[in-house]
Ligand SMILES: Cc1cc2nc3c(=O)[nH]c(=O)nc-3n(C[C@H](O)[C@H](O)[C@H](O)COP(=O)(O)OP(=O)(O)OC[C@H]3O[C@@H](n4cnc5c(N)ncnc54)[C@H](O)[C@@H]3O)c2cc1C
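Shown here is one chain on its own, the form predicted on its own, set out as structure tokens.
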């Protein structure tokens, strides 16, 4: 770990082990937004973790952010996903945003998120069907039906995709402030897992924003998505899955170590079958973590296999999390279905990763094309 990530994790640790862990069950049970986590990140000066130092941020890397997300996920999947989306948005602002927008992130005044997925293109997030049109007064008018936006009612602004102003086959990225006239947020989120992440549809009908809110060149949205957002999101989404596996294993191991078979005078961990299940699950989790760390090493040194690793890491971690958390449920038996143990929360939270764009199936197709020497798009 670099000095910067060690410092970030040191600032985060008291909050992760304290307020984030303490609020996790309440967030899950009541489907409330993890305001405590956002406040904790703000207090630790971590909302601006990857914002450049010239704008008042810490100047960290997306690798630092991934390590922070993984630590949060060990305690609360909802909080980790909110942090993941914030850092993905902050990465775009760091590369293309104004000094003012970056300074707001650095001061902890801006919680960011992505608004890419749409009803018309589903998990093909790189192909928006929403539109942007020039209007009077150096403004742009947006119309869209965004299908899932994490932190929709709590983010200060969205990193928003649309078709290009001049070419419907291309895309452009915008900064859109929440609360703009014409924006509507469709209720709250009440799902199986990640229950407090406030992921809900957002629609735009004739929303006018300053043309200066364009992030990157018109028609350059694909490059922003693939060059800035995809690597960051893949690493941090994988981090969520890895943290969830860690949390579930911790809970399962604690349960079998503390629970006794009184008639045998032994704990559950004395059963070879349960130890075997836990061993296999731990190997899966460690394998996913090893690939995650290698992906960051590849990206950090610009290795030739970097893009292949980026494509692989989310699918590998997401699928491993499905298996590992299911095994932890099995190991804990009926106790896993009680809320107080908490293993069921990790199991339910882990279901989201594989169906979150780019889905595992889409990534398998990308990886298959890459290793067969085919163009991805």
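Positions refer to the first chain, counted from 1. Since the model is a prediction, treat every value here as computed from it, not as a measurement.
Keep in mind the form predicted together with this ligand is missing from the figure; the text below concerns it.
4.5 Å heavy atom contact, residue 23 to this ligand in the predicted complex: No.
Although the partner isn't part of this model, could you tell me whether residue 44 comes within 4.5 Å of this ligand in the predicted complex, counting any heavy atom of the residue? No, residue 44 is distant from the partner.
Is there any non-hydrogen atom of residue 357 lying within 4.5 Å of this ligand in the predicted complex? Residue 357 belongs to the contact set for this ligand.
ask   = Is residue 17 close enough to this ligand in the predicted complex to count, meaning some heavy atom within 4.5 Å?
value = Close contact is absent here: in the predicted complex, residue 17 is far from this ligand, nothing within 4.5 Å, heavy atoms only.
task = Could you tell me which of 95-103, 281-289, 71-79, 118-126 sits within 4.5 Å of this ligand in the predicted complex, going by non-hydrogen atoms?
result = Only one stretch passes the 4.5 Å heavy-atom test: 118-126.
Name the residue from 40, 336, 322, 352 that puts a heavy atom within 4.5 Å of this ligand in the predicted complex. Of the candidates 40, 336, 322, 352, 352 is the one lying within 4.5 Å of this ligand in the predicted complex.
* Check each of 199, 295, 172, 234 and return the one that places a heavy atom within 4.5 angstroms of this ligand in the predicted complex. => Comparing distances to this ligand in the predicted complex, the residue within 4.5 Å is 199.
* Listed by sequence position, which residues of 147-164 have a non-hydrogen atom within 4.5 angstroms of this ligand in the predicted complex? -> Counting only heavy atoms within 4.5 Å of this ligand in the predicted complex, the contacting residues of 147-164 are 148, 149, 150.
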